[in-house]
Ligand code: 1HN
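Given as structure tokens, the chain that follows is alone and in the form predicted on its own.
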Amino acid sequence: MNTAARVESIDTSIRRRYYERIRPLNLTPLWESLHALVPRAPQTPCVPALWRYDDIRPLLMESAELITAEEAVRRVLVLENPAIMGRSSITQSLYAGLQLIMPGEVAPSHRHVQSALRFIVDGKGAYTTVGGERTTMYPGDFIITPSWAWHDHGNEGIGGVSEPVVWLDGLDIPMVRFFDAGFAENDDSKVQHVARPEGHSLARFGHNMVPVRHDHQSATSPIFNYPYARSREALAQLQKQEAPDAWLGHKLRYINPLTGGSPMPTISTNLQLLPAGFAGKPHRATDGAVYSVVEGRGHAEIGGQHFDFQPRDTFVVPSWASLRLTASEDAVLFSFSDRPVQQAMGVLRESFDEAAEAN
């Protein structure tokens, strides 16, 4: 009798007693978990979900009555994936939350090894200071806080007008937690000394040119604010000049101007325009993605589930879930994912054929 046949013939109770004997030695049988550890296709515990901003905003405003930005350090409502509640994660590798800063408030300076992005959702007049450079934030702006960079936020208003400002936070917290590599530090002062004029990094690196004697060594882009006005104009020009991609519409990725790669070492970011009447084909990828709706209305079919979206909504597409996007009017979507990490590991896979419809 060969080994496979002999093992098959062993009574399950004998196996169970064997497993109980080896457990005190911190041993487990691989053959009992092999198919779960090395599946034939991705099997994420995450599920598709959509968070309606109109439902969340009143709760954000209520939170301002309960705790100040300074006391909270960061006043955020975390967007937790419904299938993995309690882990402060929107996908297995990414964190997302909606942060509120009220007029006159300051979220004090600190730093951490987790890389962060801010995508401005609602309101204007707030600022963020990163590494001694301040930038005013407007809806649709994509702003980076590099790993271990000092940063603080404030809301001083513009032109004498002050209003609450909300942005979407995206961080690689679950990734850093997986590696047990998290560090954080509070600053000695609430706000940083501003050492460079606003727009300094954009002037140096934002025009397809690089200073000859630049000294930027970070893996993160030297530009930390990608203004929406410029990004939106790029999409508008693309819309005039060529037909939309059948799956993605007009989709552009933000880049690090020094490398052409992702602006952040662990998170990729994109902005896409779905023209009115667009009916996209299904596609899927292993990098689960978070979407923020900037303009317009449409529909997302995610893994067979249907979600209507409108401005300021957020939705998540889990790994390897089929995504089909449609738009009833011109719609602009910002998205981020863990694609750079998957590319570095050589495990990224995506599908743009009819097989993407199957899950």
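Since this is a predicted model, take the numbers as computed values, not measurements. All residue numbers refer to positions in the sequence shown, first residue = 1.
The next section is about a form of this same protein that is not shown, the form predicted in complex with this ligand.
- The closest non-hydrogen atom of R232 lies beyond 4.5 Å of this ligand in the predicted complex.
- In the predicted complex, this ligand stays beyond 4.5 Å of every heavy atom belonging to R196.
- In the predicted complex, this ligand sits within 4.5 Å of a heavy atom belonging to Y95.
- In the predicted complex, no heavy atom of K190 sits within 4.5 Å of this ligand.
- This chain is displayed without this ligand, yet in the predicted complex the stretch 171-179 from 260-268, 241-249, 211-219, 171-179 comes within 4.5 Å of it by heavy atoms.
- Among the residues R134, R253, R74, R87, the one placing a heavy atom within 4.5 Å of this ligand in the predicted complex is R74.
- Of the residues N225, Q99, N81, Q272, just one reaches this ligand in the predicted complex with a heavy atom at 4.5 Å or closer; this is Q99.
- Taking a 4.5 Å heavy atom cutoff to this ligand in the predicted complex, the contacting residues in 145-165 are H151, H153.
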